[in-house]
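The data below hold one chain only, encoded as C-alpha cells and taken in the form predicted alone.
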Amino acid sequence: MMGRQIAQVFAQHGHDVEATDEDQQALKDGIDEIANGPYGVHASVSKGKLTPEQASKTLANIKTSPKLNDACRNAILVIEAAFEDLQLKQNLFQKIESLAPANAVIASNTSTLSLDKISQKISVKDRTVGMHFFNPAQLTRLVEIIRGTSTSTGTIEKASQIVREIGKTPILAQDEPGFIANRLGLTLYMEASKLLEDRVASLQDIDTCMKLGYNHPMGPFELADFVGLETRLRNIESLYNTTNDSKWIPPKILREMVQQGYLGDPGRKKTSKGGYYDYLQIKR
C-alpha cells in the first residue's frame, strides 16, 4: 500500500521511479491504483489538482521491474516499503546494500521498527535512514526522518532535502520505538480503546470528542478504519514486542475484528467486511 503511494509522490514531482515487488500481480495492481485509485492521478485530474499532461507524465515516470537488481542498479535512493516484519526488512536491506550504488541512500518506511535492528545485518550503516511516510502519502504533508546510531549527518541532510523537494515537511526523530507520530497517535488510540472497553463512553462520542473538542479531522476509531485495522494491529504488536510494555498489548476487540475479516474502510480495502462502526452495528 505505502509503496504505491510513495512511488506516485516521487513520480508526480518529476523523479524517475523504478518499482519492484516479488509479487508480479502486486506490481500491476499498484500501477492501476496509481492511475485509477481514489488518490490516483486520474482522480487528481478530475479534482483539478493535476493537468492531463501532468498525469500522463507521472505515469510515464514510473517503471516496474520484477527483479530487485534491476530496480536498484541506478538508484540514488532506495525506499523499502514492506510491511512491519523485522526479518523481512533485514533481508531486504542486505540485498539492497549489495545491489544499489555505493552512494545510494537506503531508507525504510518503517513506522514502528528500530532502524538499528533493520540495518543490523548490513556492513555500511551510515547511509541508512528511516523515511516514514503517512497514509495517504499523496495528501499528507509530513515525513518522519529517523536517525539510527550509525546514520551520518550527510545522510540525514540528503533525506531531509529530498523530502522538501517532493513538497513534504521533514521532522527528525531518534531511533526509539514508535518514533514521534506513532508514539503519540497510538497512545491516543489505546486510551480511546480503554474508554470503549470500560464503557466510559460510546464509540461515536469518543470520535466526536476528538473531532469537535480537539479539531482532529477524524476520531481515533474513524482514523483506525481509514489506516486499516491489520496495519493498526501490526503496529501495536510491533511496539509491544519491542518494548515488552503492557500498555501496548493490543485491544481485544481489534484482534477479534481482524480475525473476523473486519479490516477497516471497505472503500480502501475491498476484502474488508467493514470497520468499527460496521462491526458494532452503529449508525454514523
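This is a predicted model, so every value here is computed, not measured. Numbers follow the displayed sequence, beginning with 1.
Not pictured, yet referred to below: the form predicted in complex with a small molecule.
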query	finding
Position in contact with the small molecule when the complex is considered in the predicted bound form, options A82, A181, L139, I171, heavy atoms within 4.5 Å	A82
Listed residue (S193, S114, N135, Q90) with a non-hydrogen atom within 4.5 angstroms of the small molecule in the predicted bound form	N135
Which of 193-201, 82-90, 206-214, 153-161 sits within 4.5 Å of the small molecule in the predicted bound form, heavy atom basis	82-90
Every residue of M1, D23 and A26 near the small molecule in the predicted bound form, heavy atom within 4.5 Å	yes
Proximity of T58 to the small molecule in the predicted bound form, heavy atoms at 4.5 Å	no
Any non-hydrogen atom of T64 within 4.5 angstroms of the small molecule in the predicted bound form	no
Contact label in the predicted bound form: S119 to the small molecule, heavy atom within 4.5 Å	no
Partner contact for S44 in the predicted bound form: the small molecule, 4.5 angstroms, heavy atom	no
